[in-house]
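Only one chain comes next, encoded as structure tokens, the form predicted alone.
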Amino acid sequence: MSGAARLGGTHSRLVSLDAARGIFLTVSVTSASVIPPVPSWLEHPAWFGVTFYDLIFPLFVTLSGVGLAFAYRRRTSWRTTARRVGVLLVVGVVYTAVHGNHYELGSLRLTGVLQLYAVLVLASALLHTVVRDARGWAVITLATAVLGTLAYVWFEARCPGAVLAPTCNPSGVIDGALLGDHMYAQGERRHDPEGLVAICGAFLTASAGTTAGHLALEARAGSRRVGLVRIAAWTATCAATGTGLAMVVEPFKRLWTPSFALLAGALGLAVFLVAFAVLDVLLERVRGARTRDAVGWPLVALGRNSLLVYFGSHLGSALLLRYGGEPSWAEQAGEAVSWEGSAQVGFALLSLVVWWAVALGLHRRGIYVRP
């Protein structure tokens, strides 16, 4: 990850977007820091089904989609985009290897969450050369969701019992052919939750966010109350469309199906909508920008370094759980700061405090880590 950038104050940004990222990160850091035994709702299902943990990364993707609308509202140089994508891909492979503790070159995993994000950045940059408004992005989102669902229906009909399974799914065919042993679990699971198929689903989630980002941009140039209504209507549209598509193809994250993509995106949009309503509409209108900035400052500080805090907290917790013997360093720290006798809660809160302190310190100095 290339170093740090000094940026201007929050007046040039949408406070609610950074605050929404901050809300997301409080959930992400604490959930990633729970030491074993981990409850089932903080684990991914083996195949079908959706747990609370399944929704965390899609929240990041949705809010990143909102941010991409801001990043590409003006033409960004292709050199900058290429640098971002290249850094994310390289660091992503290293992060995946360290996080998964698997370094064999012959079966080194090439996919992962950072690589997925890199492809989304590239796709957004390419599409923004021809589509630069909310209406166009809304059409792209809904049309892609319907077409993607039809593709799943076609594939599902050719599976035994007309049911998607680990032994019969599009990721196993497409990602298996492209990546072989370099896919998730070295191909043993017969699908890749961050492979090409999942990236198509994640694009829908990001695209839903990008549409909302353009609506927010239009609201900033006009009436924010009108923009609030339009974002709320778009959130409801994503939720309703996702619910309808769920009757055709089951929503689940292992393949990031279109119904899951839109429903998870609607949840992320709801978080952004609340932050936008409270900070950029209500507080700014009633109390002024200074009060808005003061109220939002702690969450904004966290949200401005979302990439660092999200991936740093996940990697840090994984390493602390891996080393130190029995008990691990994470378990030792949890016992030292146990909350009401719970080492799990103690370590989760400790992780949140540490990463929030890091974000506050960096924000005070105007330092933001980005690709």
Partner chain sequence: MSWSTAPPGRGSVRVVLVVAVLVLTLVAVALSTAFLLRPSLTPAQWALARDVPTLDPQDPVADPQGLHLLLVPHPDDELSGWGSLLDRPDLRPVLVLLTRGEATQRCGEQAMANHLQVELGEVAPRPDPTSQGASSTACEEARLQAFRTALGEAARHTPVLAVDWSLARPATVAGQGAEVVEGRHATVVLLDLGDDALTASGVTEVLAGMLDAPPEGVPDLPVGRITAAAYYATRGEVADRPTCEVVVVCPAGERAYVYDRPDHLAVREAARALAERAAEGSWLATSPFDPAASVHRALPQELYDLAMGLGPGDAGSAPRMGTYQRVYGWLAFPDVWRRGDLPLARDQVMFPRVQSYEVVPP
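Positions refer to the first chain, counted from 1. Keep in mind the model is a prediction, meaning the values are calculated, not measured.
In what follows, reference is made to the form predicted in complex with its partner chain, a form of this protein that is not presented.
Partner proximity in the model of the complex, defined as non-hydrogen atoms within 4.5 angstroms of its partner chain, places exactly one of 81-89, 97-105, 133-141, 242-250 at the interface: 242-250. Although its partner chain is omitted here, in the model of the complex none of Leu110, Arg290 and Phe311 has a heavy atom within 4.5 Å of it. Using a 4.5 angstroms limit between non-hydrogen atoms, Leu307 is distant from its partner chain in the model of the complex. Residue contact check for Ala162: one or more of its heavy atoms lie within 4.5 Å of its partner chain in the model of the complex. Interface residue remark: Phe52 is counted as part of the site for its partner chain in the model of the complex, having a heavy atom within 4.5 Å. Contact between Phe260 and its partner chain in the model of the complex is found at the 4.5 Å heavy atom cutoff. The single contact residue among Ile174, Ala294, Val229, Ala151, judged by any heavy atom lying within 4.5 Å of its partner chain in the model of the complex, is Val229. Between its partner chain and the residues Val281, Leu114, Leu179, Val121, the one pair within 4.5 Å by heavy atoms in the model of the complex involves Val281. In the model of the complex, its partner chain lies within 4.5 angstroms of at least one heavy atom of each of the following residues of 269-284: Ala270, Leu273, Val274, Ala277, Val281, in sequence order.
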